[in-house]
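Only one chain is given next, in structure tokens, and it is the form predicted on its own.
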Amino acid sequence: MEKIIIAQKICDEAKSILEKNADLLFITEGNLEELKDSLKIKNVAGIILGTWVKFTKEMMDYAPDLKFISRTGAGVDNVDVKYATEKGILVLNTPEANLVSVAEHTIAMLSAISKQLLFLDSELRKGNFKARRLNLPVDIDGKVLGLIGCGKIGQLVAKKCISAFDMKVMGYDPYVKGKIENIQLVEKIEDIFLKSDYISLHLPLLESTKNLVDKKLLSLMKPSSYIINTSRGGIIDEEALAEKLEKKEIAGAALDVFINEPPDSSSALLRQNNIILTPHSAALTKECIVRVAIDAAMNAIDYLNGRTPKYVYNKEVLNLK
């Protein structure tokens, strides 16, 4: 029986699905040497992988029999997809399992930063009940939401914001053709930054999106506007954002993702008081971790049973088989 490395904590339901079809090798999350040794074992056909390790060319070369890499999540930026494709290794992901969880986290951050919940909670605990008279919270109703990336998560965020807050939604996505219901698509990304009260990022980290939100784009934002990122670190120039926040040139920000995870203790973002930070946890709800694990397991089982997995990121490999 072929072997699958489990390099990520997964739920019992996913384990049950997998162990009926393969021998499972469990790796301690964070133990790189243990992972390297396991990859060298004969008949390792695949790996279930989270985000804790960069799955590089070197890692793939340790495993001569590797046929697939199944990610427990939508993003594959920690996998050398180009090299995997060259070797004929399928890169599988779970792009739909986290839709609701990430959308909800985005809206929670949008609401919390607007209503100054963390600041007011902190002040109350210090005994400063008069903080209520600072009048810092703002209303969300009727404001403009600007989406950078209008895929399934972005569209779900738009739907929920329209329903809950009667927001007007603009969107920029060069890969979307045609119209999207209730989203005004614009051709220039600059329009999003000039006109939005809230900007929310929903796009992958690629060479073309690295530092996409730079000092120039941030300078277009209104002083009363907020920016939210629940997609990937590295899309926003963190130094430029920290500078805008420190100078109070924008109202605030909310980030779930960072260039370095965990962020460096020297990061200027950690010193700002007009930002909410969470530890890349948008998709780590009790329900979502089960969904992504089961989807990642089903991708693996489909491959082992001669079926095309539902979610193949590098579809060109299928033409080589």
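Residue indices: 1-based, along the sequence shown. As the structure is a computational prediction, the values presented were derived from the model and not from experiment.
One more form of this protein should be noted, the form predicted together with a small molecule, which is absent from this view; the next part is about it.
Using a 4.5 angstroms heavy atom cutoff to the small molecule in the predicted complex, none of 107, 200 and 236 count as contacting. Residue in contact with the small molecule in the predicted complex (any heavy atom within 4.5 Å), chosen from 91, 99, 170, 242: 99. Put simply, of 84, 150, 140, 218 only one has a heavy atom within 4.5 Å of the small molecule in the predicted complex, and it is 150.
Among heavy atoms of residue 251, none comes within 4.5 Å of the small molecule in the predicted complex. Residue 127 falls outside the set of residues with a heavy atom inside 4.5 Å of the small molecule in the predicted complex. Contact annotation for residue 59: none of its heavy atoms lies within 4.5 Å of the small molecule in the predicted complex. None of the heavy atoms of residue 146 is located within 4.5 Å of the small molecule in the predicted complex.
Partner contact region in the predicted complex: 153 to 161, out of 111 to 119, 191 to 199, 130 to 138, 153 to 161, criterion any non-hydrogen atom within 4.5 Å of the small molecule.
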